[in-house]
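Shown below, as structure tokens, is a lone chain in the form predicted on its own; questions about how it binds or moves come after it.
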Amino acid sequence: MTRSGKTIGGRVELIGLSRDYGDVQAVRNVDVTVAPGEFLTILGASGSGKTTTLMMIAGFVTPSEGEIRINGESILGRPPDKRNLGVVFQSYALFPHMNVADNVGFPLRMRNLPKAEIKAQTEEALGIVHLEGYGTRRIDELSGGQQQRVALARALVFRPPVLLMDEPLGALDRKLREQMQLEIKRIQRSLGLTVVYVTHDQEEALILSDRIAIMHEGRMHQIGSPDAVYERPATAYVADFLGESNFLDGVLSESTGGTSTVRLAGGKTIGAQACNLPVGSPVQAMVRPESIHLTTAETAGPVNSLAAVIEESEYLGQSIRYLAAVGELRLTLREPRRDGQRRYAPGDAVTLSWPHRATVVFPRGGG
């Protein structure tokens, strides 16, 4: 936060970062650089190591190995209050005996700033989170969403180079969570903040992030833009964890000209994105449900086309979910609901089609 409007975001570098708890490797050799003004989300299931990674940056957990740098300077060995980083937790950690203004101004008082400057910066921070006039309110008089905004204002008030957020919206209901996602992104962009954000919520990560780092068993499996990790997952784990996927076992029968060919059980073949595996390798072909389209006729072009029979049909409001049988194979697909569209019923014969480029190939049994 600056009155001049200039970016204050810092550059974050994690180099060979690891954390062991006895024989358990909670975080394994993490290397990632967050650019100034970037919003990076660390996404993973419970126990993946994402919060441990964030707590090492914040200074609450000491790395077993590795380096942490902010703007090129090592912060290892510094206590949390000397790292000058903003932190927002899921619990908010607000002081119930202080009013809103005193909560927000607390980091400034710890820095011994003059009272007039504390008052001005507190009012500015409350304005950024749209809580003007709330300074005298007690914390227990606020809604969950308002408390979250107070915690955010307190983390921003001393103008940190980096903002760390650990599941900050986990305690809010869905509607409030969606509103706060928009607010956090608005604030981050308007201030040019560098944000490292931790969540297990896939949709939240896709909405907020410039890049997503997907973590599993202490390792970063893939780091990339939301569309890259969703449409071009680097591992079968990423494909399975992020969104819904169909996995089809087969054998790589050809890989030329930017396209792979996979022979499925029963002899059927499908086209896929190019891969670097040897021909003859056992593989899994992955396709997203929303990439598959239903027709009643064969299709032409660089698309896969398989005859199928509908087994299940589920109305989901905005979409219709089908389970279709292709011999012994089962594929899930999801079509957006449109006025006047035909809804297929169990037993209907259909053709499933999707572009070759929508299929990604992984080694069978690989992570």
Partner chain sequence: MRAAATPQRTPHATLGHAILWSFVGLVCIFLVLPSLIVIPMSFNEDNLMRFPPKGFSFIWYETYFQRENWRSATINSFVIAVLATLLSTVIGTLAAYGLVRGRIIFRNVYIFIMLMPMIVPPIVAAVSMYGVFAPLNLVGTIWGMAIAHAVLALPFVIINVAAVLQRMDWRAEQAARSLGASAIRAFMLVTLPLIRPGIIAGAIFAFITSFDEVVVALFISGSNAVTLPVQMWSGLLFEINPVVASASTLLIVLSAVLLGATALLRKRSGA
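Keep in mind that what you see is a predicted model, and the values were worked out from it rather than measured. Numbering follows the first chain given and starts at 1.
One more form of this protein, predicted together with its partner chain, exists but is not displayed; see below.
For the marked spot (Tyr237, Ser253 and Cys275), a heavy atom within 4.5 Å of its partner chain in the model of the complex is absent from each of the three residues.
Residue-level contacts in the model of the complex: of Gly243, Gly144, Pro80, Gly192, one residue has a heavy atom within 4.5 Å of its partner chain, and it is Pro80. Exactly one listed residue, out of Leu40, Ile68, Met55, Ile310, brings a non-hydrogen atom to within 4.5 Å of its partner chain in the model of the complex: Met55. Taking non-hydrogen atoms only, Ser74 never approaches its partner chain to within 4.5 angstroms in the model of the complex.
For Arg154, a non-hydrogen atom is located within 4.5 Å of its partner chain in the model of the complex, even though that partner is not displayed. Within this chain, Phe247 is remote from the site of its partner chain in the model of the complex, having no heavy atom within 4.5 Å. With a 4.5 Å cutoff on heavy atoms, Thr136 does not count as touching its partner chain in the model of the complex; it lies far away. Only one listed stretch (91 to 99, 193 to 201, 212 to 220, 229 to 237) carries heavy atoms within 4.5 Å of its partner chain in the model of the complex, and that stretch is 91 to 99. For the partner-free chain shown, Phe158, Asp166 of 158 to 191 come within 4.5 angstroms of its partner chain in the model of the complex, judged by any non-hydrogen atom.
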